[in-house]
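Taking the form predicted alone, here's one chain by itself in structure tokens.
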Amino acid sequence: MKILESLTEKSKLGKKSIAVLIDPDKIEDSSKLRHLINLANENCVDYFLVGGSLVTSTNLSEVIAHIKESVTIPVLIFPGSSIQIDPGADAILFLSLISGRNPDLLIGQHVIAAPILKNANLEIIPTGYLLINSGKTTSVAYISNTTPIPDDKYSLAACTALAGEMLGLKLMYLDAGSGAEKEISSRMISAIRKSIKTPLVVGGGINTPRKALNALEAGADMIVIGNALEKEPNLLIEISEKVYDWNQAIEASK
């Protein structure tokens, strides 16, 4: 089953997923990466996302290859630009930054990437990417030269996601950005969840089990943990338990 099909099916059943985001720029040595891969494998992480808003290093391919050699967890590219493509991954989130008005990130980079992706044998997942204000200027907001949606404009965010769905995007990704001061609120997640039928991914600022559970309860189908694991890798154990318990409860209720 393809990744998008799996996410869609799980969403319909009310089941949740967890992904670990790895920014190649922040991998200082292979031992740190190995530890994170092993931790993810031991705690039933569903996906790895690899990429970032900048990626100044040249080890994107190396990171992906290391993961693929070590575990069977699917690897999705989370690209910051058209150069972040590697055929060694399983899929790519073909991100359209629909919360902003930068044409290069709405369609421009995609035109450059399209002929490369056509021959890359990657599952291409058309994804609506929405940046939500998190209290400070994040790397992705600065690099993309866009203004995030204000965190109290719930209807605006919901209509933006709905428009993306109507345009044919198959997945919605809400992001507070790398190093976000605060997570996306439950009210914001809930508003968007009610407006769309596509699977909903939420990332940025999820640095406690409580915040993870809040996102799940509000309607996130998949939560993404990134920066928080750099400081406290074992946080993944606690958060993955929340996801596991949730899915077990769904199974038990059948």
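Just count from 1 along the sequence shown to find any residue number. In this text the structure is predicted, and so the values were computed from the model without any measurement.
The next section is about a form of this same protein that is not shown, the form predicted together with a small molecule.
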Non-hydrogen atom contact residue 213 with the small molecule in the predicted complex at 4.5 angstroms: no
The small molecule contact in the predicted complex: residue 178, any heavy atom under 4.5 Å: yes
4.5 angstroms heavy atom contact with the small molecule in the predicted complex for residue 45: no
4.5 angstroms heavy atom contact with the small molecule in the predicted complex for residue 195: no
Output flag, 173, 224 and 227 jointly within 4.5 Å of the small molecule in the predicted complex, heavy atom basis: yes
Candidate stretches 61-69, 213-221, 37-45, 197-205, one within 4.5 Å of the small molecule in the predicted complex by heavy atom: 197-205
